[in-house]
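Just one chain is shown here, as structure tokens, and it is the form predicted on its own.
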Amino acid sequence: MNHVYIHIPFCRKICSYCDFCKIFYDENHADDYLDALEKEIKDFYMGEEINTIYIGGGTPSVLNYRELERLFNIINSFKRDVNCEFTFECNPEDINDVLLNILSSNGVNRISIGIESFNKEKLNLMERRSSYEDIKAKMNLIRYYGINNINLDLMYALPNEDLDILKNDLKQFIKLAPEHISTYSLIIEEHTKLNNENIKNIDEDLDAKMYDYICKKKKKKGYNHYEVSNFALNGKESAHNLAYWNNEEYYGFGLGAAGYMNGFRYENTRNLSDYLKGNYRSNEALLSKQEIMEYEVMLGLRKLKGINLQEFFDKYEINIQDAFPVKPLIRNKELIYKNGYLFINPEKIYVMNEILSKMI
């Protein structure tokens, strides 16, 4: 395992669409949580050199400065590669000189900001705040501290959103010139405020048009569409997320975190009381060879480049077409084989889940 994900579940407020593991921030809970996190890491980390670290949430930037210093003292137990990609998620309102000084002095070299939109109606629905001028100033401040790898999150396909609203949002995102943009079509999950209020998804055809516009616009502006929902300037693809899509093993630490270690996929408990008692795992399963190959296909085909067939054979000692019904999907032009790679037809990326269901 050369990759680490750490989950910080605390938030000042709960966004209406969020189904991630989260709880309201409380200083007493935060101290107890960091104690438990430190113990979990000591119990499971086996001393490998780490290539990527990702601190996500929740809202990691909600921690106060004392708690952040404690968190980084815990993280310093990892042996880090000299070129370790170290990502920290921030809410815009938390970004200031003190926070950035702590992050930069502890080796953070990539920041991900959950903007989601600049449209007031969308922000009100999501129960978030954001403004173009504020984000521009915050990004300049981040770069002042030497962190020049910034991701911005964009959410689209919200109720009452039309193509013009998306176009304006995307124009402003690109104008900010981040190195990386992650885009998410709204999915109304079961345990969210939007679901409780019976909010419905927009028309699928409009959703598809929005996705198509995002892909074409970003390509025109020099962003490489390297994964279904992710776009990056040359060389700024997320190394941590590529580890997931390449089906590599990784540590997941913290409440609700998922991990993949020594052939086991596991999920940590979402129950804070259990986690604080050291009962970290809610479930874990040792995967069969067939299950591991299925993950390889499901995750690998999310990449626009697709799956390297020689690497697949080297890993599993079987040709992919002998393990999965590849040939009929190639005949139907749902999959394409080219230059040693198998990938989803770019014209059919929007319906990739249907294609994957035929594969597996």
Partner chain sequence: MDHIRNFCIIAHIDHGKSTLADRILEKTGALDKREMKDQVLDSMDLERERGITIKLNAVELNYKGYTLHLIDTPGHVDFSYEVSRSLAACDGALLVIDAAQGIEAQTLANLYLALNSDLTIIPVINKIDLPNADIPKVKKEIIDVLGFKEDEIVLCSGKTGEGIDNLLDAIVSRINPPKKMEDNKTRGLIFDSYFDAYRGVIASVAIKSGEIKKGDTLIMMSTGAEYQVIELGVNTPKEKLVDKLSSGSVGWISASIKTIDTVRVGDTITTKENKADNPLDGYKPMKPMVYSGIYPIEPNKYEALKESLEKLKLNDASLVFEPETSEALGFGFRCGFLGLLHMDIIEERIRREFNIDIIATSPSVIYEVRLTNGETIYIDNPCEMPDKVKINDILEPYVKASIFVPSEYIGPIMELCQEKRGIYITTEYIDLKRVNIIYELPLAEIVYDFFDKLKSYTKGYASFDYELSEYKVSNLVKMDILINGEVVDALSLIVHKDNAYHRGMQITKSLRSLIPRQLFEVPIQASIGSKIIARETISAMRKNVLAKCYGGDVTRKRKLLEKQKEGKKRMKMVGSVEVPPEAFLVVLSNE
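Small disclaimer: the values here were computed from a predicted structure and weren't measured. Residue numbers count along the first chain shown, from 1.
Beyond the structure shown, there is the form predicted together with the partner chain, which is absent from this document and is the topic of what follows.
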| item | value |
| --- | --- |
| One residue of E69, E294, E311, D35 in contact with the partner chain, assessed in the predicted complex (non-hydrogen atom, 4.5 angstroms) | E294 |
| Residue (of E127, D134, E179, E267) lying close to the partner chain in the predicted complex, criterion heavy atoms within 4.5 Å | E267 |
| Distance check, F343 to the partner chain in the predicted complex, heavy atom within 4.5 Å | no |
| Partner proximity in the predicted complex: E48 to the partner chain, non-hydrogen atom cutoff 4.5 Å | no |
| 4.5 Å heavy atom contact, I187 to the partner chain in the predicted complex | yes |
| 4.5 Å heavy atom contact, Y25 and the partner chain in the predicted complex | no |
| Three-residue site I14, I165 and F173 fully in contact with the partner chain in the predicted complex at 4.5 Å by heavy atom | no |
| Options 315-323, 299-307, 59-67, 38-46; stretch whose heavy atom lies within 4.5 Å of the partner chain in the predicted complex | 299-307 |
| Neighbours of the partner chain in the predicted complex among 199-238 [non-hydrogen atom within 4.5 angstroms] | E204, D205, D207, A208, K209, D212, V228, S229, N230 |
